[in-house]
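As structure tokens, one chain now follows by itself in the form predicted alone.
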Amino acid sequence: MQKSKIKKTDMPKNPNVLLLGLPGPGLIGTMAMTYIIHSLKMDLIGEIETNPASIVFIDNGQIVGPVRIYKSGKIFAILSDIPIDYDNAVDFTDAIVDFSKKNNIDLIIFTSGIHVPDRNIANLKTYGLVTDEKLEKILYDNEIPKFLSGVISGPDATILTQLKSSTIPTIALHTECNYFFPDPDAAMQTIKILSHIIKIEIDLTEFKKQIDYLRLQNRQLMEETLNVLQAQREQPTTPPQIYK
């Protein structure tokens, strides 16, 4: 069997970037993306249909779905307020790839968490995976250590597998977190990393003031997410064994 190779493409200097924030360990992706969308005053430009739609939201008098697409300049963001389950992960990722191709996305950044019980909250680490070796420079320039060894399970694994098979370069960022509870400290660390990568300053003052509120506000979504993650999970996501 021929060994698969990491794709190699030239990255534009000012790429169209798609940020992907989904409910997962610690709800990092959801909390981080919600705040970024608010801070950058991103416009709602569409949504990804879920089947079946278990919930809808009302925004400025409009009915919108739980998975929404936002845009500001060359930055796009997809935010999900419901967990993506195993059965829908492939179709969901295919929809993201299709949207990315239609909108000339040069880079997808997928945000999630990795369970580290004894993490140092004052010095949380974010680890990176890439599907294109040209993205190694982004990790290096932003001092993001590579995720060299460990396990990623659940719908995240399916989503990453689909993104790896696509033609769109992808960075996966996994921040140390508490797997079982909303972890705004880890979300804040993710926002800092994303801010460096997209080269847009994001003021975290408001986020810091809301940390306790975010823990309470997101408890129900965390329970729903854990139900999905643990439905077929045989072992928890483990931290990297080797750091670079």
Partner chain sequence: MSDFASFIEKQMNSFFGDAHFDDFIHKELVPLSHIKEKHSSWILEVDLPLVDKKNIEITLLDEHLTVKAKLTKIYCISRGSSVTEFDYFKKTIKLPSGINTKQISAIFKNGILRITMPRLANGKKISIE
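Positions refer to the first chain, counted from 1. These numbers come from a predicted model, not from an experiment.
What follows is about the form predicted together with its partner chain, which we do not show.
Residue contact check for residue 189: none of its heavy atoms lie within 4.5 Å of its partner chain in the predicted bound form. Within this chain, residue 46 is remote from the site of its partner chain in the predicted bound form, having no heavy atom within 4.5 Å. When contacts are judged by a 4.5 Å heavy atom cut-off, residue 121 counts as touching its partner chain in the predicted bound form.
Contact check for residue 62: every heavy atom lies farther than 4.5 Å from its partner chain in the predicted bound form.
With the partner omitted here, the residue from 85, 132, 81, 106 that has a non-hydrogen atom within 4.5 angstroms of its partner chain in the predicted bound form is 81. For the marked spot (66, 182 and 219), a heavy atom within 4.5 Å of its partner chain in the predicted bound form is present in each of the three residues.
Along 181-213, a non-hydrogen atom within 4.5 Å of its partner chain in the predicted bound form is carried by 181, 182, 206, 207, 210, 212, 213, in order along the sequence.
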